[in-house]
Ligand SMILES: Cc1cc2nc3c(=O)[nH]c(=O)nc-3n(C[C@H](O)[C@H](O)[C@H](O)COP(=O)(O)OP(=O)(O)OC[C@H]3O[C@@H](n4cnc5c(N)ncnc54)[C@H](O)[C@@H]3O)c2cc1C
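Take a look at this single chain, the form predicted alone, given in structure tokens.
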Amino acid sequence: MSAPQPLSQTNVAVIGAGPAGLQAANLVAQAGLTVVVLEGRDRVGGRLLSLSVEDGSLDLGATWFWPNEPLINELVTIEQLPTFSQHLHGDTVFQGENGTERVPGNRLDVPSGRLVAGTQSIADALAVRLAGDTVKLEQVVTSVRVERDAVLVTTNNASWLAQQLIIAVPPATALATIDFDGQLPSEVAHLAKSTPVWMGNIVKVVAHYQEPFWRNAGLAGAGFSYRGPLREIHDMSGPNGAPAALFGFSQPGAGNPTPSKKTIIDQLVELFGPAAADPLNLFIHDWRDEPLTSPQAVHGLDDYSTYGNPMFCQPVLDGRAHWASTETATTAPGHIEGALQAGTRAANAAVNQIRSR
């Protein structure tokens, strides 16, 4: 027989250490309650994933935030995270069936904010606020059970008994990876399984260069294509052009492989010229390959009208569990702002449930 798993107790358990889960955990802790954050990866951030390179940071996950998003702007200000503005100046390149053309002005980008240290610095800042033993890494949640007046949350090697649970991973991912023992209402389970995972069916490509050569040619680094493999491209360069980088999104579709380095470089050369042929680094991150983000059938989830559905704002499991990923947000779903909003809503609901009981 296998040894019994250690059992701990907490007021609130949070599944997922992305911005939603970490925001929720901070608010629960500020309310004077105990909280644990269970994260399957060996890092915090979730879909905030930043790489350090010699001259700065590059984002393989979320990249931008916007002026009309109050929660993230407040967080960036309070934490004094260095920011800069997305590069906008220059023309757009368009790749159609009949070739490539230059289109006057930047037709893709709008004024937005960027983080000098990458968006993962948001998650890092939220994690640092918490007590040192709050976030438990490499704890893959496998099952959730309501047991009398609590929720039993079991991971790959431990268990927690919590009064309240916050599910801060995409609903479809939660249903694909966690056994809820049939305790979710059928209509909620169907909604969760049907809700697209933001970025879940995306390959993000970042080409890191010695300098932003496209700017010297009067280009914004913005491009869109009907041929691919990258369907849209943007300038990802840091402050004053360093690190210099272009990034693009590919959505290969069901069963299609990750785009090859050759096809990506060939496209960048056609759009931006021969200087694009020799990046210092080419990072290709296929989010379909991350089971803690994307369920196997993620390519078939395309009904974005499910985002912010009112059912996601209602507790489940006898009032003891709350949805909190960006897909469940009623404002800015898919954005970091949406994650912070959903995490805030879930935390407030969990705290109120504990106090009312």
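No experiment lies behind these values; they were computed from the predicted model shown. So that there is no doubt, residue numbering starts at 1 and follows the sequence shown.
Although it is not shown, the form predicted together with the ligand is what the next lines describe.
- 287 is the sole member of 287, 224, 213, 283 with a non-hydrogen atom lying within 4.5 angstroms of the ligand in the predicted bound form.
- Screening 58, 298, 48, 36 for any heavy atom within 4.5 Å of the ligand in the predicted bound form leaves a single hit, 48.
- Looking at residue 141, you'd find a heavy atom of it within 4.5 angstroms of the ligand in the predicted bound form.
- Taking the partner from elsewhere, residue 41 is found to have a heavy atom lying within 4.5 Å of the ligand in the predicted bound form.
- Taking the partner from the other structure, the ligand in the predicted bound form has no heavy atom within 4.5 Å of any heavy atom of residue 94.
- Using a 4.5 angstroms limit between non-hydrogen atoms, residue 189 is distant from the ligand in the predicted bound form.
- With the partner left out here, the ligand still marks one of 264-272, 81-89, 236-244, 162-170 in the predicted bound form; by a 4.5 Å heavy atom cut-off that stretch is 162-170.
- In the predicted bound form, 16, 17, 18, 19, 20, 21, 38 are the residues of 16-38 with at least one heavy atom within 4.5 Å of the ligand, listed from first to last.
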